[in-house]
Ligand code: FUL
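Heads up, the chain below is alone and in the form predicted alone; it's given as structure tokens.
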């Protein structure tokens, strides 16, 4: 066929039948999460368990001279912990395998200061093993807290203690199945028992633990486990223990400037837009005033309203929420705590029962290459793995969802497609009522997740205006809900 002999009409028909070349995904921008970090982001909400000799001495920090004989819970039941956590909507449980007092909840072969010398289970018990089995049975992941500071050990402050610490880390990571998170506390050095010395010992937090080589043990034995500390290396402390996240929250940090026990709290809260590593924030907070159980705090368990505020401040601002529930002296979650957790689950279920935007028509002022694979329909398809993206030169954009009629709404949930990095730095949300647009919320970052609480409005459409982005924006989902009054 000679193309020169074709009429313009026929040539146009032929050319229109040739599919346009598919647009390429945006190039990653800045640091991006690893597979282990992406899995951690999906967990969102999980439980902390502070339990040791402190539970029986009524202390928050044990001195290290506590006798193992005082550890004797009357009805220890990790299965109850796991069942309550599952019913509460949690995805994992992290336990204080060893707190600062040095007492070990497993029969470590490297110390006598452990459950093997307690009356519990006749010295044959293993709390970590029981919890691992209970988590597996209930579809939960398990993490461990191993305090770097040890107020009991005679060698703390010397190189010999680092060998001891790493041996215990290997025990925990080798004998209890998959570990999802390893928690390194920032409390390091001070007064303690130290094998009878009863003195104050100071260490250099930057060099003493030789963290890079300690972290290698975790990478080798549990490659999918994330490590927590003030500066990662995988996830960071949010800078407080009150349950507060930051409305501006970059999942990035200049990691070299941070170490366990050494951190700028403002930077931990907000992250750093020019960060060198993907280091998202975890919010750790207790359901009670203390981290360990105290009978006189039974009337001070956080209310559902308080827990909801924590949820929106943490999960709603792109952090993960690690909520502590301390077992009592029986070795069970107290009934009051259990009821609060279940009532929180009911409140969240009622709020997020129906995504009013699911399956609705969405439009965008720009779509990458006009290619449907990056089109606005990805925002409402119910798949948080698909995403809308803009062309490379775009930094502002409008995305509109027609809700198909007037509906009341007061929650908007957004997510960037974080496998390609965090980009959006400012946005606004409008609702259309009676044909007129009204701004109902504004914000800075979106990142892994942003849940906006707005006044209850009745609208037939909702619009996201991306007003600033460090690179072409992406968005995985735009969900709309109405929480009961």
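None of the values given here were measured: they were computed from a predicted structure. Positions refer to the first chain, counted from 1.
Keep in mind the form predicted in complex with this ligand is missing from the figure; the text below concerns it.
In the predicted complex, residue 99 approaches this ligand with a heavy atom inside 4.5 Å.
Contact between residue 387 and this ligand in the predicted complex is not found at the 4.5 Å heavy atom cutoff. Taking non-hydrogen atoms only, residue 291 approaches this ligand to within 4.5 angstroms in the predicted complex. Put simply, residue 145 is close to this ligand in the predicted complex: some heavy atom of it is within 4.5 Å. Residues within 4.5 angstroms of this ligand in the predicted complex, judged by any non-hydrogen atom, belong to 43-51 and to none of the other stretches in 24-32, 452-460, 434-442, 43-51. The single contact residue among 337, 284, 126, 415, judged by any heavy atom lying within 4.5 Å of this ligand in the predicted complex, is 284.
For the candidate set 87, 241, 199, 137, a heavy atom within 4.5 Å of this ligand in the predicted complex is found for exactly one residue, namely 241.
Scanning 177-213 for heavy atoms within 4.5 Å of this ligand in the predicted complex gives 183, 185, 187 in sequence order.
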